[in-house]
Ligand code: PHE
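What follows is one chain in structure tokens, specifically the form predicted on its own.
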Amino acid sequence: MSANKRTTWNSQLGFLLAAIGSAVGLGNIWRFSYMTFEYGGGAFLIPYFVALIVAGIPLIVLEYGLGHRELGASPLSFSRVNPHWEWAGWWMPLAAMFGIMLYYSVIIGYCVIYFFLSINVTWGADTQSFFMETLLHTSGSPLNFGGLVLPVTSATLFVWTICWIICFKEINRGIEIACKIFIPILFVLTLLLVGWGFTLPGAVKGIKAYLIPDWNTLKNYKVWTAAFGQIFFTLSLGFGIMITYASYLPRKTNIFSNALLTSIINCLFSFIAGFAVFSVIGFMSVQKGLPIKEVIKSGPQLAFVIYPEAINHLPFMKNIFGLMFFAVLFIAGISSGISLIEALACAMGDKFGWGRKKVVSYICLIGFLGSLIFTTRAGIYLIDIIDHFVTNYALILGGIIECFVVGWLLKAKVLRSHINKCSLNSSFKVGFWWDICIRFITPLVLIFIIAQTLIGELKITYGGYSLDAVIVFGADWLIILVILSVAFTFYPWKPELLKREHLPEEDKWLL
């Protein structure tokens, strides 16, 4: 798609809601809450907000600015800065699509199944056995696939179909409209869950565990590493999504203020959603007579084992509470899922000049077929392994590369100048502090995070899985993504696409 014919958002609100929808995902609801509890309660908020300031906001400003300046998804944007780094531009959307969306769609499928189970609360008393054995028929090993699980496969097909319907249309008639509907509903349902949670017996106990600070934890570097990692993941950084979304913005737009709003609203949502989670955890603690630590679990266990068990103990309206909770998870998942698809669809449209409908259809078909491995009886184990490696290595590597390409090759001050020129009517300007973060602070922090994770990995195999499983579905998966990223660079760009003279006449002032 040529730049002068590029679709734009219908409104700033539409862009903002789409960006927030991408950032707000399933991890905001359970991952942030669990990490806050594990790493010192209220004390965790200090490194979390430090991470937001020195890593989260600088990187989201970078991605918004780069996509807006270069009018392209990450591969085209990187190629216009330096053609030798095109592969890195492909790395991000490929990691997002084939590293995350393949299994993310399956988890959203779990939400679909549990939404319908909530109608009559039919998961039974033993929610752990129901999830792992009755529903997933787990094989006990990531290397023993054991065939497809039909309900999960069907739900995953439904998820991919919904994403295809939304992404099939131009972004201002598909994703923008969907997010204008989904995000307000998501926020309203979340607030209803928080309010309902406050009424449960034991809710105060859970909220105290969530917020009471343990200041001693701040002395542990792992807490700071976890905070920076959470900020990085929760803002959808390193996926190529925000670069893509920003490329559809009008030429005169307040990039910095949009970046601030996206970051702050996303983090506030995580914090508020934590009350809904921990009020239920406190309720469960009282009902079972167990300490909070023995009740709370991370990841899918929290959503599909602990919450259903809590719903079983509710005195009334169990099905309504269940329907609301899994509707929240479904909407959060879909709003993030469509952005993962869009990042790759836009990149391929830029490169090959294919029509949007064709690209989106192929991506969704291949995506569904790729998801089938996660709908097998080994699926839950594969999700755990690949999620760990993609989020702890692939995405952080993308962030480090972004800092190098923009900070040192393009020069941070060049992009900062562009951002400020585009925001002539805004009092929010990017200062020199941003250059320092992008060139030094942010990449050094990310390098430290990835190094610490790798050191720990070399000592103990992740999750207690066999070394073969970790290599095949962890390291090898990343190697395949690298090969794909490089392979896409062999197809040449049309020469005119790499020239910045492609800008429409009314936008020449931006050069």
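In case it trips you up, residue 1 is the first one in the sequence shown, and so on. Model, not experiment: these values are computed from the prediction.
Separately, the form predicted in complex with phenylalanine exists; it is not shown, and the next lines address it.
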| item | value |
| --- | --- |
| Segment assignment from 451 to 459, 24 to 32, 38 to 46, 477 to 485: heavy atom within 4.5 Å of phenylalanine in the predicted complex | 24 to 32 |
| Residue 233 within 4.5 Å of phenylalanine in the predicted complex, heavy atoms | yes |
| Contact label in the predicted complex: residue 100 to phenylalanine, heavy atom within 4.5 Å | yes |
| Any non-hydrogen atom of residue 263 within 4.5 angstroms of phenylalanine in the predicted complex | no |
| In the predicted complex, residue 239 touching phenylalanine (heavy atom, 4.5 Å) | yes |
| Residue among 104, 307, 326, 90 with a heavy atom within 4.5 Å of phenylalanine in the predicted complex | 104 |
| Contacting member of 175, 340, 243, 346, with respect to phenylalanine in the predicted complex [4.5 Å, heavy atom] | 340 |
| Contact set, 322 to 338 vs phenylalanine in the predicted complex - heavy atom within 4.5 angstroms | 336 |
